[in-house]
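The form predicted on its own is given below as one chain in structure tokens.
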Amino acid sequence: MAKCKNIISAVALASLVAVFFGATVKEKSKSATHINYVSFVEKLDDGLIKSVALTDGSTMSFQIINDETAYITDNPRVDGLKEELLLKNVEVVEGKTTSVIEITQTILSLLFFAGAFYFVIKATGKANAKSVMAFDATDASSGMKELFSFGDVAGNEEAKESLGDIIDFLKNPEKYSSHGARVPRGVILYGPPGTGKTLMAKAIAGEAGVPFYAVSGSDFVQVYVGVGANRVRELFKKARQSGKAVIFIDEIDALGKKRGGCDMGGNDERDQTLNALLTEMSGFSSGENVIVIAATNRIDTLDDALLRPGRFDRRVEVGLPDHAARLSILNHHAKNKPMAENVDMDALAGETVYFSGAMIENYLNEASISSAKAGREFIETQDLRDAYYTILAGAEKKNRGESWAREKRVTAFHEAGHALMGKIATPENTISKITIIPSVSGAGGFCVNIPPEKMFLTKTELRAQVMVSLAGRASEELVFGKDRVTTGAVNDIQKATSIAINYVSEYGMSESAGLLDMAQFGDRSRLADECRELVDELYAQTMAMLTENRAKLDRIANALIERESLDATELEALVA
């Protein structure tokens, strides 16, 4: 087809050239005879001129009676020439006369520019199409120096156990096929960010010794309809060619969100791409040993068709690590770091409650930077402390300004309120540090309240959390008056509101709302009223408790004003 198009183009170009040269020869054969203007006037006076072609050019053509020869003479461009010619019975032709060669040259020029424009647009379109359709579906494990294994994944023992048979199936498919078992089509790894979902997928491929095709859900989301679906097909085609393989789709919620009935065609591309993924996963034959692993932080947003059996058969939670897992992660990341002998890793694991694996790695990295910056040979406990509080609240602000001296007392009572209410309402928690030193993140101070590890929270514990959050504002009001409270409680109010909304709308703990999921009613005003009643009630209780323990509140605040920071031991002595 391409050859045919090239031949046609060549023939057309040759024809145009032939026409051009033919017209040139013809024009030359008809070249006019030039005579001077004086001779022209003499012939005009003698009545020999038959016709004259008047133009704006430098010459004008004319014909003599009974003579077929074409003549030209200089054009005087004077007014009255036409009238004179007409009075002498000469035929006058006006306007610009264009020769055949000029017409041909104009046509060829237009064709040349049109052709150039066409080929430029065509080439650009091909380049754009290639860049849009280009998709790097390559084996990501081929470029790794060492393959990952479960030994590289600290913690998440339950998730490893759930995925063990997947690895065994990829290694020994015959053992399962003899029992009529098929390989699970797909596995969803879900959980908070930074918990090691991607690392887990790499470890599965590494343990099984199969190619690892890693892509992101956003790679399939394109403006052009059909591009995403084509990329899905290309990815699965390459994986099938490998025989055994692991396809990993990170952030699959970018591709597989729930489809609604009111999209009005606005998500045609995403729907087509999702349909292509569903079709490919359903199209696995029994002899194909390709596992699709997907990761998401929001499993609740995924389309139901993705989660049905036969597509993503298994859902494995990769959650935040518990104490033992955190200790394992800390030891794993500390292997290549010069830790001081007196560093208590078990204590660090206890302090890093609700830290993800990525946060723990960053925590030790910050401590390493702090130690190296100070020129120390080993990473000391103080480096770890500094890194811990830097991650939680930001680095300490060196230039505090004059305003800090004035606001120091307000900040001290605010943080003292949090600390005292933490000791009263959540006695099982550990308050490791209180400080009024401002940070570069904008925090005027902070109180680190570390809860014990629990799978569930009771109604009393949720209410206590709200009271601890509101205690900073309550302390300000108690000491300085209702009209002198500050904006320092903004984050506390946000946290208290979030807990209150869950308390009322999801956990069914509100007395008036009862065991109903308020979010399903869509009545935001009713929900807001319920939450406000709850927060007002707990704020009143917080004020009452702080008033009752005003002497302890003053002692903590005054100690903060004097020392700026207090640790757990110092706080315990002040409230004992």
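Residues carry their position along the shown sequence, with the first being 1. None of the values given here were measured: they were computed from a predicted structure.
Here the subject shifts to the form predicted in complex with adenosine-5'-diphosphate, a form of this protein not shown in this document.
Visitor: Every residue in 411, 438 and 563 with a non-hydrogen atom within 4.5 Å of adenosine-5'-diphosphate in the model of the complex?
Guide: The answer is no: none of the three residues contacts the partner (heavy atom, 4.5 Å cut-off).
Visitor: Can you tell me if residue 463 lies within 4.5 angstroms of adenosine-5'-diphosphate in the model of the complex, counting non-hydrogen atoms only?
Guide: Contact check for residue 463: no, nothing within 4.5 Å of adenosine-5'-diphosphate in the model of the complex.
Visitor: Within a 4.5 Å heavy atom cut-off, is residue 418 in contact with adenosine-5'-diphosphate in the model of the complex?
Guide: No.
Visitor: In the model of the complex, is there a heavy atom of adenosine-5'-diphosphate that lies within 4.5 Å of any heavy atom of residue 475, even though the partner is absent here?
Guide: No, no contact at 4.5 Å.
Visitor: Are any of the heavy atoms in residue 281 no more than 4.5 Å from a heavy atom of adenosine-5'-diphosphate in the model of the complex?
Guide: Taking the distances in the model of the complex, the answer for residue 281 is no, it never comes within 4.5 Å of adenosine-5'-diphosphate.
Visitor: Counting only non-hydrogen atoms, which stretch in 198 to 206, 367 to 375, 455 to 463, 232 to 240 is within 4.5 Å of adenosine-5'-diphosphate in the model of the complex?
Guide: That would be 198 to 206.
Visitor: Out of 164, 350, 451, 194, which one falls within 4.5 Å of adenosine-5'-diphosphate in the model of the complex, going by heavy atoms?
Guide: None of the other options qualify; the answer is 194.
Visitor: Considering non-hydrogen atoms and a 4.5 Å limit, which listed residue (186, 256, 422, 357) is close to adenosine-5'-diphosphate in the model of the complex?
Guide: Looking at the other structure, the residue within range turns out to be 357.
Visitor: Given a 4.5 Å distance limit between heavy atoms, list every residue of 327 to 359 close to adenosine-5'-diphosphate in the model of the complex, or none if there are none.
Guide: Those in contact are 329, 332, 333, 357, 358.
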